[in-house]
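Below you'll find only one chain, the form predicted alone, shown as structure tokens.
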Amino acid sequence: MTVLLFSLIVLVGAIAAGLIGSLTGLGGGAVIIPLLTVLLGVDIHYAIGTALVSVIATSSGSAAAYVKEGISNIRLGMFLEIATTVGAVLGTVVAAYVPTNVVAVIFGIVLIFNGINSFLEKETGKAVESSKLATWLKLPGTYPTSNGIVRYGIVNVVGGFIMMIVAGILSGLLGIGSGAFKVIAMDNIMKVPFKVSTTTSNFMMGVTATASAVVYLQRGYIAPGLCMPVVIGVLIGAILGSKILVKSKVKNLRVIFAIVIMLLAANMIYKGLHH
């Protein structure tokens, strides 16, 4: 395979990764890692390093658009980012001691259950009453819909915060899966509206991925020649995704999210069992 053909395949795959990552709040790693390792035979460590760079690009590309539209909850994202950043650093440290194949299988199973739950979940449109802690931290907010501005409440702040530490550990340990757990934590545990949870996850992921990427950079696992077409493609996909999400129905986004995390889960379990 020529360098040009290799770069073109990576570019097209990265556009798809950016689009899916932007719509679901999962980041580009769910597509980039299987593309590089399974299809193109790239070493898993370099694939994870490139995926982390792609997540930073997805976050930069789509988060700017979502913040401008007023969908992302910046205050909630910054608060939860404390947990994910701590988790990401912990994950990269324990990666040397924990058998990642066992972790991959366990969290793959957890993701399947959450994927099924996303299919069954209905967007009620009823705003929950905010908990005292959420109100004290000023986390509730508003977001624009076709029917005007909608105000929403937030509950179970402590549960969401703990889940975010888990999400950060996964980011450092596996290079994938972090975005899925962030959306699940905000959507299922904290009862944040789905569009707000996916867009806030996009906003947060860049910081978490940067914490992990620094470690991979120090270990020499980030190759500029590989990262360049990925970053370009992911940025194109992320900007396209941000335009689509604003006009999308929540039900359709839930279906896309569920399908992607179930594929991600199947990939994690397969890798874990064949490690």
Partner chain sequence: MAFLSKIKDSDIELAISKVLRYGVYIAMTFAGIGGFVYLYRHGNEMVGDQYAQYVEKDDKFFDYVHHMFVGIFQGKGRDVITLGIIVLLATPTVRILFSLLGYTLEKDKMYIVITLIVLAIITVSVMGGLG
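Since the structure is predicted, the reported quantities are computational estimates derived from the model, not experimental observations. In this text, rigid core is short for the largest set of C-alphas that superpose within 1.5 Å between two forms. Positions refer to the first chain, counted from 1.
Heads up, the form predicted in complex with the partner chain isn't pictured, but that's what we're talking about next.
The closest heavy atom approach of T85 to the partner chain in the model of the complex falls within 4.5 Å. Among heavy atoms of V94, none comes within 4.5 Å of the partner chain in the model of the complex.
Remark: M78 counts among the residues lining the partner chain in the model of the complex, judged by a heavy atom distance of 4.5 Å or less. Under a 4.5 angstroms non-hydrogen atom cutoff, the partner chain in the model of the complex has Q218 among its neighbouring residues. When the partner chain is considered in the model of the complex, only one residue from L240, M228, V246, V250 comes within 4.5 Å through any heavy atom, namely M228.
In sequence order, L52, V53, I56, A57, S60, G61, A63, A64 are the residues of 47-64 having a heavy atom within 4.5 Å of the partner chain in the model of the complex; the partner itself is omitted from this view. In this overlay on the rigid core, S197 has a C-alpha that sits less than 2 Å away from its partner position between this form and the one not shown. Core-aligned CA deviation for T85 between this form and the one not shown: less than 2 Å.
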